[in-house]
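Take a look at this single chain, the form predicted on its own, given in structure tokens.
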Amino acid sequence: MDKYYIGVDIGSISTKAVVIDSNNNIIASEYIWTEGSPIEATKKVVKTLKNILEKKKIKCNIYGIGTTGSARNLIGTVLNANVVKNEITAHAIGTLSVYPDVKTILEIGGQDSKLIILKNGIVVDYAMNTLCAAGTGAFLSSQAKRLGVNIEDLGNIALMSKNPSKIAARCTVFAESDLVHKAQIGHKKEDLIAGICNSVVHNYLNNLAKGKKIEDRVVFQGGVSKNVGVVEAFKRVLKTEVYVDTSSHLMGALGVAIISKNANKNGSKLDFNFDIDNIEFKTVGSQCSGCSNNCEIVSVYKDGILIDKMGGRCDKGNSLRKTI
């Protein structure tokens, strides 16, 4: 009997999911926008995975479920995952499964970015930027809209530039005002877009790479890795080859699926049903006044029954209602 494992990476902008086999091969995957509702996004990706597997006539016996990303705890509860892991570990494991000799991982998502340094397959250093949007996909998306260009076309347009505009890379506000000014004085659109791609790279390196040695092999992942303009800018600035896998946007989901596989020591099948679309999951926020911490508690209900509570620093929030 074949064994399969699910990995879900739930970010603020996008939700990614994969099903892998025992050899870490991705046999089904999905990538959608989270749209502010991680539970609904998870329901959608699970439904899509089910449809893909049915079309391939694969009877999926699930032996592991892992979640990562900013909503990993919530979705871990919803899916009854056997593993909930941080993004750094998940991305490292996923990338190592494809590039065993990777030493530097560049990751830029919709709202944040990461730099992971590895030595002999072990994470030895990392940095995250969750504060400045200038080096993220959200910044690229907003500038594409400002220039009347589809976000998917930004990279190819950037490659047309022979004289990229110099766009301030310090923060979103400076970058946007600089972009508007240069557009008004007549800079070509392709030069502006190439300048934006360059500013993303410089912002990323200035914020995350200070004091860190970036060595080959360098792997770039996350949604922004699909932008060839940013990829070429990284190559030019770092003066080295930058590898982008066809599944670069799925590395976090792949990694946490592998972790879930490795965590299932006894090899037992999970009690998982792909048909979660009709299950009602609801979250209720409250404040615990049991002590001076005044923790904000999020209670998760499945069809009206409490299944988990998150946010508390002690057990004093246990007096919450068991049903709603």
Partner chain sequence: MKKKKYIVSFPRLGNYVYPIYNMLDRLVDHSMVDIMFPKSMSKNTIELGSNVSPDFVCLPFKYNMGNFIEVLENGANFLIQAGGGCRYGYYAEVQEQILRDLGYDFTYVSLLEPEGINVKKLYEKVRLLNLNLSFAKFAKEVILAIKAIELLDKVETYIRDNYMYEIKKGEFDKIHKDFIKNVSNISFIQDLIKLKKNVYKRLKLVKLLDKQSSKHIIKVGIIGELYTSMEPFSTFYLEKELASLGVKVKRYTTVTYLLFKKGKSIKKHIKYANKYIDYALGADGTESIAHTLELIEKGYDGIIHIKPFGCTPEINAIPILQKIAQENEIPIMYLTFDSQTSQTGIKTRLEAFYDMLVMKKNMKMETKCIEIGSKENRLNYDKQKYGFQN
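All of these numbers come straight from a predicted model, not from anything done at the bench. If you superpose the two forms and keep the largest set of C-alpha atoms that fall within 1.5 Å, you have the rigid core. Positions refer to the first chain, counted from 1.
Omitted from view is the form predicted together with the partner chain, to which the following refers.
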Inset, instruction - May I ask whether N86, D125 and C295 each come within 4.5 Å of the partner chain in the predicted bound form, counting any non-hydrogen atom? - result: yes
Legend entry - Touches the partner chain in the predicted bound form: L270 (any heavy atom, 4.5 Å): no
Legend entry - Distance check, L306 to the partner chain in the predicted bound form, heavy atom within 4.5 Å: no
Inset, instruction - Give a yes/no on whether L49 approaches the partner chain to within 4.5 Å in the predicted bound form, heavy atoms considered. - result: no
Legend entry - Contact label in the predicted bound form: K235 to the partner chain, heavy atom within 4.5 Å: no
Inset, instruction - Would you point out which of 204-212, 186-194, 101-109, 154-162 contains residues with a non-hydrogen atom within 4.5 Å of the partner chain in the predicted bound form? - result: 204-212
Legend entry - Partner-contacting position among S37, T283, N61, N262 - heavy atom within 4.5 Å of the partner chain in the predicted bound form: N262
Legend entry - C-alpha of I297 moved at least 2 Å between the shown form and the other one on rigid core: yes
